[in-house]
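Here you get one chain, nothing else, as structure tokens; it is the form predicted alone.
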Amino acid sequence: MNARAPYQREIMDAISNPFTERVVMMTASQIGKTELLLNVIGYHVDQEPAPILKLDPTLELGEAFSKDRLAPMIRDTPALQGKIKDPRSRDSGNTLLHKTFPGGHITIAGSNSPASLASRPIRVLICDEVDRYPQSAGTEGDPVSLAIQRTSNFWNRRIVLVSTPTVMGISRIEKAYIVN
């Protein structure tokens, strides 16, 4: 329910709209971006299963997201219980950075890790805090561009770019927001 943040409904509707490919959110800090992204992940696990990549600025931030935000959501949301198995069970398909569910999976990666951006077809791409990404993932190039390439096999891909802007004129989210 979005009673505390009704402004998020339109954003989530855009992300789930089959005619929308890309959503860019350039927002202030502490307005519920993470909760919105969790809702998007939960929706795709429960209603529209797909391979999902959640890209964070660093792998360490991705691990913290998985432990502190994603795991409690999976544990506490009745619609998700049983779709992603308990990580303690053998062969659960549930690790800290990769969780499988019927019809898809979620992979959590760091923009600073070129290996985590390679060789995975992804239908739903969630890039969080893109202004904190390095200019290049190792020697591979722009991490946002590398991640977007992972979605090229899907006609119904979703690309979600989210960030609080940093320096005007060089902000990655500002450029993406203006283009879209």
Ligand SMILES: Nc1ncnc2c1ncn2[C@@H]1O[C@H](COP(=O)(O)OP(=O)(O)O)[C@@H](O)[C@H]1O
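A residue's number is simply how far along the shown sequence it sits, counting from 1. Please read these numbers as outputs of a predicted model, since none were measured by experiment.
Separately, the form predicted together with the ligand exists; it is not shown, and the next lines address it.
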So in the predicted complex, is the ligand close enough to G32 to count as touching (4.5 Å, heavy atoms)? yes
Against the ligand in the predicted complex, would A115 count as a contact residue? Criterion: heavy atoms within 4.5 Å.
no
Using 4.5 Å between non-hydrogen atoms, is R120 touching the ligand in the predicted complex? no
(message) How about R132 - does it come within 4.5 Å of the ligand in the predicted complex, if we only consider non-hydrogen atoms?
(response) no
Within 4.5 Å of the ligand in the predicted complex by heavy atoms, the stretch out of 34 to 42, 147 to 155, 133 to 141, 55 to 63 is 34 to 42
**OP:** Please state whether all three residues S16, L80 and K83 have a non-hydrogen atom within 4.5 angstroms of the ligand in the predicted complex.
**Re:** no
Applying a 4.5 angstroms cut-off on non-hydrogen atoms, the residues of 147 to 170 near the ligand in the predicted complex are none
